[in-house]
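Form predicted alone, single chain, as structure tokens, below.
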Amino acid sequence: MSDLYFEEEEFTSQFNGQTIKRIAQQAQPYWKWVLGFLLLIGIVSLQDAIFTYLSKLIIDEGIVVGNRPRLIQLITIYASMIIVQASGVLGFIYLAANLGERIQYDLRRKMFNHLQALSFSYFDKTPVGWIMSRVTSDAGRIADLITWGLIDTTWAVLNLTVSLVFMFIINWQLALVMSLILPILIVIAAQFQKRILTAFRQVRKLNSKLTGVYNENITGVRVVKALTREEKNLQEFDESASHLYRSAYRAAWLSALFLPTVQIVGATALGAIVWYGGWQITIGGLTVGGLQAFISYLTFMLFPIQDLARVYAEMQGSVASAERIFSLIDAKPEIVDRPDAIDPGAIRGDIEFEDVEFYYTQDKPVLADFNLRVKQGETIALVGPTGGGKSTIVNLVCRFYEPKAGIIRMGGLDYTSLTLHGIQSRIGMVLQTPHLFSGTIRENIRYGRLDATDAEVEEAARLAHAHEFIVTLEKGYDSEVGEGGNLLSTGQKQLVSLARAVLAQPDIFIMDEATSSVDTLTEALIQQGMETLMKGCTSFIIAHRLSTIKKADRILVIENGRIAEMGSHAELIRARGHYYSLYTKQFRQETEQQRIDEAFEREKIPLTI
């Protein structure tokens, strides 16, 4: 839900010169392409103006005086220029389209590459929807501004300039009248486009919220039905839909009003030209063809004015998009390698926390004066209440975050003296919500070690006890898992994730609530796979289901960022402290649930909730 309702940044109202410069730099590697399509659009614009002037000559020197050879000559020139212009249009569209795709590709590649380098904390604080919007729509906005925006601006400016030049050639008095009217048209168009763009931004925001309402009610239909929320949800939907309707109505009204307003001003100018031009014809200062050309130039100038106003309004949105993209590209990783960092090749030896302090926000400490020494090959289980610091300890081991104070050592070395790749490439993880990538099961297991052979992939699956279910699938290891692994059950995804970790042969293994969402049979398979993987590994297991950690070498009860208790399962049970209370309470709950299930089974009573 956070992504859906993440407040979209407001567009900047003023252009930032530095941002404009950086936008222009995106096209710098392709300056020949830019020069090429600008040259072609210039030729096409010039031809548009010449066509109108040729029409004047056809009327005055061909039709009016009845000069057939001259008429044929002018028509031949006209037809030849059409062929040249068509080639020019094809050329600049081809160049602009390709340039736009290349710029989008470059921007998306820069952002994607930079995202790989950013620290874990960046993704904790930044909604996925915000990042996706930068990579998709914002990159497209910048590409459109550099290509089609530049084309439209060049075309509009050249058409206005060339049209005015030809007008002065035909009749300077009429051209002077037109020069006075032109700024009025531009101001009107710019003001309308600014208001129209603002209205449509509001429509897009409200439409996003309405889409969110749709999504929540469809995905949560069982809860809606169970709590009889239909009437209340309908009221909320009507309210959102009404806001959207009013905003859309205003946007549509402004859009509908824009063109008639420009046309009224244009028609006023046209009336003045026809009146004054007609008088010029009677005194011999203007020809019929000249008047016709003037009217054509005036009509022809209305479209460039609209284009300039549109590009100017859209440019504000493009600059805002650029600022957001550059803010992503400029984001600095919080955790980087030291200049003298080394890649150890393997993480062997004890892991030590010495006087470690950590917080996500300074006023809310998570770990304080935390000390722990984990021996090479030892299995450590972390239990305790939510928010106690269990996941933070694991995140610090993975160096997704670094201590705010104190030191963490691996193999006797300060782990900040090791490269991030050197640490993180030696860690295997299986999470509560396993993530698989679109592709086949084989590709997902091999994700842990890309040079692995098919035989090694299948051996890893056997060790993780995933092979048994994989071979029952229609395509076996070549079966597609779907987006995020949605074609597999949660337990199957866990087993594939475990096989991926087995194949990677990690030195440090981390399991975070990996059995909390699976049935007891799958849990047993996962535990067997874990035992295979943890041989020789230093392992950290976070678990709420305490039956899964009985065999851990040490169990740490973490409360308020400190170790409240520590020992083996048997030692902590004998101590009758926090762990004993947690274990016996959970044991009673599981036993009670088992008795209920058995009773329902004996009586053959369908269990409904």
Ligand SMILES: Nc1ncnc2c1ncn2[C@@H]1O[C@H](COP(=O)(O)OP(=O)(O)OP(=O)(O)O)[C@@H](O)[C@H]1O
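In this text, residue numbers run from 1 along the sequence as written. The model shown is predicted, which means the values in this text are computed figures rather than measured ones.
One more form of this protein exists, namely the form predicted together with this ligand; it is left out here, but the text below deals with it.
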The one option of G377, P403, P344, G388 with any heavy atom within 4.5 Å of this ligand in the predicted bound form is G388
Contact with this ligand in the predicted bound form, heavy atom within 4.5 Å, among T392, Q492, S318, N159 goes to T392
Practice task
Answer with yes or no whether E230 is in contact with this ligand in the predicted bound form, where contact means some heavy atom within 4.5 Å.
Solution key: no
**Asked** Does any heavy atom of Y360 come within 4.5 Å of a heavy atom of this ligand in the predicted bound form?
**Response** yes
Report yes if any heavy atom of L298 sits within 4.5 Å of a heavy atom of this ligand in the predicted bound form; otherwise report no. no
request  = Classify D307 as contacting or not contacting this ligand in the predicted bound form by the rule of any non-hydrogen atom within 4.5 angstroms, answering yes or no.
outcome  = no
Assert contact_stretch over 361 to 369, 137 to 145, 478 to 486, 464 to 472 against this ligand in the predicted bound form, heavy atom within 4.5 Å, equals 361 to 369
